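One chain comes next, on its own, written as structure tokens: the form predicted alone.
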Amino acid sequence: MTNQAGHLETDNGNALGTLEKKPFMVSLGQSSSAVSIPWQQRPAGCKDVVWRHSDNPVIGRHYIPGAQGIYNSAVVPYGDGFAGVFRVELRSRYPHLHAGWSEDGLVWHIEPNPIQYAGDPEVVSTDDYAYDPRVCKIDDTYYVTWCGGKNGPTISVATTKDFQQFTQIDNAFLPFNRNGVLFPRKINGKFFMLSRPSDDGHTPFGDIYVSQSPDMIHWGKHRLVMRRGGGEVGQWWQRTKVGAGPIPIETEDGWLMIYHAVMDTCNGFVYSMGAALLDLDQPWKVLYRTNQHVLTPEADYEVTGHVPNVVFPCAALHDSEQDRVAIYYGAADTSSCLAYAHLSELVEFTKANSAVF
């Protein structure tokens, strides 16, 4: 059946996607600050610094026909609305990236076919796996980074200006690497990217590093940002591995880096969300780091799914004037969800509840 918003629905109301393709609202010269990001007030009685969207998941596992999961995806303001790059798994469970767009950041049209890239044939991914994208706008170009199978797993990179044509450039790093997250402006004239060196499996370790480049091709000066651990300061929630999440948000107190943190248990990994503040000029220096998670798997759609007990943040929209942050995260490697915070509160919480190790 069809709901009033023009979406196909299953019997339980889980939207399958828009019926009609709408044209991109292309307005690159227009400031996207005028676009209202998704937002819900903190529920009555809730004391948490980060709270969930009441209608999660915003993108269910069957959002487009044939999909078995859409999660760990990236969203940015674009023109008169929002654009996104989505991790989509069909019945083969082989991950590809699909473009999409939305007027409100909640109701999405997601392309049924994977992104096709222009570029050097020796560089371009064709049938390689691709997952966990991030999108970062620097100047007038959107950079897409993801964990790619082309000579990987490692950090693959592409550019676009309209989310219809994408050009793939060289991988940023040697294998094995994941969670490549760019900073939204150059620092001292250089591009900076966070990453987590890993292995070619379900990595049972992982620390966050930052690298810099003059041209988005040649990367070096690799510096450690933060290690996993915390047992020595009374924490277990991030003892196994950590990885950068959304594009860092610039604040007066430093770069706000929302990240995922993992602990191993007798029932497998548990992925939670944390926050840190990095020095604005030397982002390998951690100023503050939460000594507790700000969101952990508790809702049914987070604890049950293809991979249970996963909260995996990949994108964050912020409105500094309204003091709002909308965080997109993958739930249980199955669906895409939203959570909210007041930007100032999240910064102050990070400073007041910190243990840097």
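Note that the structure is predicted; figures quoted are calculated from it, not measured. All residue numbers are counted from 1 along the displayed sequence.
Just so you know, the form predicted in complex with beta-D-mannopyranose (BMA) exists too; it's not on screen, but the next bit is about it.
The closest heavy atom approach of residue 72 to beta-D-mannopyranose (BMA) in the model of the complex falls within 4.5 Å.
A residue is said to contact a partner when one of its heavy atoms sits within 4.5 Å of a partner heavy atom; residue 299 fails this definition for beta-D-mannopyranose (BMA) in the model of the complex, lying far away. For residue 307, a non-hydrogen atom is located within 4.5 Å of beta-D-mannopyranose (BMA) in the model of the complex, even though that partner is not displayed.
Under a 4.5 angstroms non-hydrogen atom cutoff, beta-D-mannopyranose (BMA) in the model of the complex has residue 131 among its neighbouring residues. The candidate spot formed by 87, 241 and 271 lies fully in contact with beta-D-mannopyranose (BMA) in the model of the complex, as each residue has a heavy atom within 4.5 Å of it.
Of the candidate stretches 57-65, 289-297, 310-318, 42-50, only 310-318 contains residues with a heavy atom within 4.5 Å of beta-D-mannopyranose (BMA) in the model of the complex.
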